[in-house]
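Before any questions on binding or motion, here is one chain by itself as structure tokens, the form predicted on its own.
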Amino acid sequence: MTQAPATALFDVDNYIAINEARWTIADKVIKALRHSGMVLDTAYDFGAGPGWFARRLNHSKLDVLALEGRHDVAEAGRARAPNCEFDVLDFDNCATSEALPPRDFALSFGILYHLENPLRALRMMGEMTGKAMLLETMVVPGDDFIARVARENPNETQGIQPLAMILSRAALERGMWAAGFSHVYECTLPVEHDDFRDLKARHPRRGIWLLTREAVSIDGFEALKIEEPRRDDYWRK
């Protein structure tokens, strides 16, 4: 019996559908940033998988370094996106001192909610982002600064560790502050996938944010004011 390749689950219909919806937004952002005068020549693809986004970033005239946590998946990416460089980097098992030199643009799609320590990873991603990062992640509903520990499914599309931490929007935004981004914008454009929609029986599961070093104005992205977090008295009765 032939064993399915490590990348087989990346190619099922539901993964392709959400990737198409994500890329529609990413393509608009890259074009809008360039139209605003921002020079984008180099890019990271964080949590690249077998190269679905890396190949499209390269087609957008970006020199791409794709970072993936699993050796076999990275090897598949090299075959699928031969014009991109692939390297292995597990954000849960590296020190922030291992941050690579900044590139102009970074894509962080579908990785943060698979990590044990998304806040540390976000800080490291910030060090590696020269001008702008487009980030998509799952979020816990609610207005408080909280996170939820979730069990990861044991397959190549999920996190390497058995547990992951999913942040609320407020907690995620504080993480963006800690990562050193001067300007944060939340996507208000419709994303053509139910995970981004407020449904009758379910809160939106995902959101998209643009994080930049300098102020930009892009249709469909709302500027957020993120202040330095202050510790409240959580234990007061």
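The shown structure was predicted, so the numbers you read here are calculated from the model rather than taken from an experiment. Don't overthink the numbering: it's just position in the shown sequence, from 1.
Although it is not shown, the form predicted together with a small molecule is what the next lines describe.
Gly159, heavy atom within 4.5 angstroms of the small molecule in the predicted bound form:
Taking the distances in the predicted bound form, the answer for Gly159 is yes, it comes within 4.5 Å of the small molecule.
Given that the small molecule is not shown alongside this chain, does Ala48 nevertheless sit within 4.5 Å of it in the predicted bound form, heavy atom to heavy atom?
Looking in the predicted bound form, residue contacts with the small molecule include Ala48, since a heavy atom lies within 4.5 Å.
Contact of Leu167 with the small molecule in the predicted bound form (heavy atom, 4.5 Å):
Residue-level check for Leu167: no, no contact with the small molecule.
Partner proximity in the predicted bound form: Gly110 to the small molecule, non-hydrogen atom cutoff 4.5 Å
Looking in the predicted bound form, residue contacts with the small molecule include Gly110, since a heavy atom lies within 4.5 Å.
Which of these stretches, 172-180, 33-41, 188-196, 65-73, has heavy atoms within 4.5 Å of the small molecule in the predicted bound form?
Correct option: 65-73.
Quick one: from Asp90, Glu127, Asp104, Glu85, grab the residue that has a heavy atom within 4.5 Å of the small molecule in the predicted bound form.
Selected option: Asp90.
Which residue, Val140, Ala132, Leu115, Ala81, has a heavy atom that falls within 4.5 Å of the small molecule in the predicted bound form?
Answer to the contact question: Leu115.
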